[in-house]
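Have a look below at one chain only, the form predicted alone, in structure tokens format.
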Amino acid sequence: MTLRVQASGPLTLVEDAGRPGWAHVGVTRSGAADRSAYALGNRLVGNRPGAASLEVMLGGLALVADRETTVAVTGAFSRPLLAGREVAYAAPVPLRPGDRLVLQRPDVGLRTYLAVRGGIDVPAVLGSRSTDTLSGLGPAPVRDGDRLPVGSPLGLAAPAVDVAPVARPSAGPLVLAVTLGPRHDWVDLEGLLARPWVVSARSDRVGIRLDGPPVGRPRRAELASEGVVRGGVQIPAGGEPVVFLADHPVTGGYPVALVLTEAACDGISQAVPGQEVTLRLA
């Protein structure tokens, strides 16, 4: 079966669990920015772990199914509409042939995940169907008029719950748990942790910039570029932190002072520009 895309919204990407194991050749894992929301959607429709879903930034997606299937909407709370009527969030939703599903602009959060039973069945690149926006690996961003192939549901478990009791992303100030990074002694750690930061509009799947007074860097020696994980908090020359997300590069020679926990990475991936963020040692 296929899903016919009538409107793709500001940015809709195919994402799965990513392509781990290629960092030694400069290829980051990529994959869904909010891993917990992505994984929940797959569980709700009975998919196997790692099936590809749609990551929809700021809503605007409208699509039509050509066959009967089941979908689930998780992540940012976008009030999904099926044939013009609102349907459940974080729950299996059956689609009949010709049904039109619309994801509105989220009330809360940034990225909505649409899981479809069988998964989005585009060709894999280096073992993953994820779009890496930094390297260009993986499928192109979804466009108006695309027909997205869906995998076979044969052998999949039937959806087992009516609705998942999960909290929606927060619209208020976020307190994010962090651990010490490999270069925490290269920066004014107290200044980094003592104040709230504001999510910058200059943010994407590569990293989230935090606006605020510059963090001091007492040590100014040169650093070789180093590998880094999702959630690493880098302090570049200007002193304003950058939190690496799914499509991050290597460090570029700047110190990584902190690392967000997995749950905190998922949380900040849903933060919108202007939202307040505080980093707190776990």
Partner chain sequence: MDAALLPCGEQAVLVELSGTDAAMAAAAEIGRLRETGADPWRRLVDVVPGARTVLVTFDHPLAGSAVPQAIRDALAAMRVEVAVGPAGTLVVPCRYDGPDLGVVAELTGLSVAGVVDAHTSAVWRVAFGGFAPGFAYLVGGPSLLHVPRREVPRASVPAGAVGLAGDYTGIYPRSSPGGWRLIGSTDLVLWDAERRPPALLTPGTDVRFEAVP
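Here the structure is a predicted model, which means the values were calculated and not measured. Positions refer to the first chain, counted from 1.
Another form exists, predicted together with its partner chain; not displayed. Remarks below refer to it.
Q: Quick check on Gly119: any heavy atom within 4.5 Å of its partner chain in the model of the complex?
A: Gly119 lies outside the contact set for its partner chain.
Q: Does its partner chain get within 4.5 angstroms of any non-hydrogen atom of Leu137 in the model of the complex?
A: Although its partner chain is absent here, Leu137 would touch it in the model of the complex, with heavy atoms inside 4.5 Å.
Q: Is the gap between Thr251 and its partner chain in the model of the complex 4.5 Å or less for some heavy atom pair?
A: Output for Thr251 is yes: heavy atoms within 4.5 Å of its partner chain.
Q: Would Ala221 count as a contact of its partner chain in the model of the complex, using a 4.5 angstroms cut-off between non-hydrogen atoms?
A: Close contact is absent here: in the model of the complex, Ala221 is far from its partner chain, nothing within 4.5 Å, heavy atoms only.
Q: Exactly one residue in Pro169, Pro80, Gly181, Gly207 has a non-hydrogen atom within 4.5 Å of its partner chain in the model of the complex; which is it?
A: Partner contact (heavy atom, 4.5 Å) among the options: Gly181.
Q: Tell me, which of Val93, Val125, Leu174, Leu192 has a heavy atom within 4.5 angstroms of its partner chain in the model of the complex?
A: It is Val125.
Q: For the chain seen here without its partner, which of 222-230, 43-51, 63-71, 238-246 has a heavy atom within 4.5 Å of its partner chain in the model of the complex?
A: Going through the listed ranges, the match is 222-230.
Q: Residue by residue through 14-32, tell me which have a non-hydrogen atom within 4.5 angstroms of its partner chain in the model of the complex.
A: Pro20, Gly21, Trp22, Ala23, His24, Val25, Gly26, Val27 sit within 4.5 Å of the partner.
Q: Did Val187 and Thr251 drift closer or farther in the model of the complex, going by a CA distance change of 3 angstroms or more?
A: The answer is farther, because the C-alphas of Val187 and Thr251 separate from each other in the model of the complex by 3 Å or more.
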